[in-house]
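Below, in C-alpha cells: the form predicted alone, a single chain.
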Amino acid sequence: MIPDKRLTEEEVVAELRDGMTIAIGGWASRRKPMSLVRAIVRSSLKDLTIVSYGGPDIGLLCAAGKVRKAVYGFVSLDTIPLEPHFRIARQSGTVEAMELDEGMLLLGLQAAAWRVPFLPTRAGLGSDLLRMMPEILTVRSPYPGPDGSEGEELVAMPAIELDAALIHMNRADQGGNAQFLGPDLYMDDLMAMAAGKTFMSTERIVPTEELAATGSFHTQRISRLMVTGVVEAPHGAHFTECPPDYGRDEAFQKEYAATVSSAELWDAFRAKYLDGTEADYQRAVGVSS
C-alpha cells in the first residue's frame, strides 16, 4: 500500500519555521519549486538560510525579506546571467553569503546525505575561498603519494546540514516516488537525502505504475523514503523551465527582473502576482488549467 503524503503548499509552509536552513532544488532558472517559494513569500517566515544552485528562488525570497543567509554555487536566471534581486541584496549587505565552488556545494550536500562530517576535495585550493571563509578547513591525506611522499593537503568540505528541502519533479505518486523527465536531475536527490524533511511539488500525481511507463528507470531517482510530503502543482515551476512539460517564460522573467529598478515596481509586481493565492498567480500569468 502506497502511503498518501499529499499536501497543499500552505500545509508545507506550516511545517517550516523561522531560522531554518532550507535547500531548494533545480538549477538557476530550471525546474525550481516556485509554487512552494511563492507560498513562503506569502508567509510570515523569516531569517532563513537558503541553500541552492540559485535562481529566482533566492532572488524572490531576498526581495521579500525572508533570507538571512544564502549558500550557493551561483545565482542566475540563465538568460539573465546574474539574478538582479539577489545582486541588490548582496551589494547592500542585507544577506550573509557563503559563496562556494559548484563542486564544493555538491560535496557538502553529499556529505550530509551520507551522514559524514566532511568530504575531501581539491576544489578551492589555490583560491581566495579559504581565506574568505576560514571556517572551511583543510585536512592531510593519511595515504602517501605514489612516490612515497607525504599525503597531500585537501579541502575538507563540511557537510551542509539541512532542516528541509524543497524540490519539483515532473511526475510523482501520492507516496512521494517521483521522476524527472527533463535532461538533468540536478542535485535534488542529494538535497532530499540530506534534509530532515523533504517536500516535493510535482506537475502531476499519477498511479505508481505510470512512473515506469512515462520514463526510463534512471529517471526515477526520488524515493518515497526521502519525501515527507508531495504537492500536486501543475505549472508549479513557472516561470522557470520544466521540460518536457513547458519551457521558461522568458517574457515574465524579464518583467520580474525589471522590478529591481524601483521599490514601486517591485511593490506593484508583488501585489499583482504574489500576495494572492497560487491560483491567483496562475490566472494572472495565464497558465491556469
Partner chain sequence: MSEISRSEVCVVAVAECFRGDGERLCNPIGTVPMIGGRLARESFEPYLVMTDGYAMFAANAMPVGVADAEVVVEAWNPYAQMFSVLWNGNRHVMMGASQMDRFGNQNFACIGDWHKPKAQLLGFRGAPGNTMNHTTSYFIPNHSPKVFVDQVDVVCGVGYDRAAELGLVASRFHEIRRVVTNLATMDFDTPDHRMRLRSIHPGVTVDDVVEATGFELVVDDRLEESRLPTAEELRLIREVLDPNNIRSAEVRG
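Numbering follows the first chain given and starts at 1. Worth saying up front: this structure is predicted, and the values here are computed from it rather than measured.
Unshown form predicted together with the partner chain; subsequent notes refer to it.
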Review point. Does the partner chain come within 4.5 Å of any heavy atom of Arg115 in the predicted complex?
Key: no
Practice item. Find out whether any non-hydrogen atom of Trp27 is located within 4.5 angstroms of the partner chain in the predicted complex, and reply yes or no. Key: yes
Exercise for review: State yes or no: in the predicted complex, is some non-hydrogen atom of Met193 no more than 4.5 angstroms from a non-hydrogen atom of the partner chain?
Suggested key: no
Check your understanding: Is Thr214 close enough to the partner chain in the predicted complex to count, meaning some heavy atom within 4.5 Å?
Key -> no
Review point. Only one of Ala156, Ile205, Ala159, Met133 has a non-hydrogen atom within 4.5 angstroms of the partner chain in the predicted complex; which is it?
Key: Met133
Review point. Of the listed stretches (165-173, 116-124, 206-214, 193-201), which one has a non-hydrogen atom within 4.5 Å of the partner chain in the predicted complex?
Key: 116-124
Review point. Any chance Asp249, Tyr273 and Asp280 all have a heavy atom within 4.5 Å of the partner chain in the predicted complex?
Key: no
Revision key, fill the gap. Within 183-208, the residues having any heavy atom within 4.5 Å of the partner chain in the predicted complex are Pro183, Asp184, Tyr186, Met187
